[in-house]
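Next comes just one chain, in structure tokens: the form predicted alone.
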Amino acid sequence: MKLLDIGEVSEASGLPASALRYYEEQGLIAPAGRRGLRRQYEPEVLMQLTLISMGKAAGFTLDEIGSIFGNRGRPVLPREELHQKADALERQMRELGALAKAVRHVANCQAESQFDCQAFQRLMRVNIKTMQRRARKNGGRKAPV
């Protein structure tokens, strides 16, 4: 089996070598060995990096992603968590779609000022309610910006 040099993994994955070293520190990937000072990886690391990238894009934390690789064998994908994350992504997509429509309407509004536009005022009221709902859901903690 041909091992991949850290530079080859970096090039194939599009990640800088510093990210690979960081993922290694976090226990997400592990080198198979070294050639001189350069880390060497098994080709399967590219699949792990793809899963890490997908997990991050889906909103999983690196700790959550690390638990998937915890057994150092074949990754175990937690089905219930995946369903919950997919539901959250679908909600986010609906919210973003509605927001995009509203923003486009406001951009095209013929009112003298967007502040005179009824659609803009409605968008502001909906956004305030959304912020209040998120604050209640977070137990009063500030939502991340």
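Bear in mind the structure is a predicted one, so any value in this text is a computation, not a measurement. The numbering used is simple: start at 1 and walk along the sequence shown.
Below, we refer to the form predicted together with the DNA, which is not included among the displayed structures.
Comment: the DNA is not present in this chain, but in the predicted complex one of L37, L77, A100, A57 has a heavy atom within 4.5 Å of it, namely L37.
Contact with the DNA in the predicted complex, judged as any non-hydrogen atom within 4.5 angstroms, is confined among 103-111, 22-30, 43-51, 85-93 to 22-30. Contact check for T61: a non-hydrogen atom falls within 4.5 Å of the DNA in the predicted complex.
Using a 4.5 angstroms threshold between heavy atoms, I6 counts as touching the DNA in the predicted complex.
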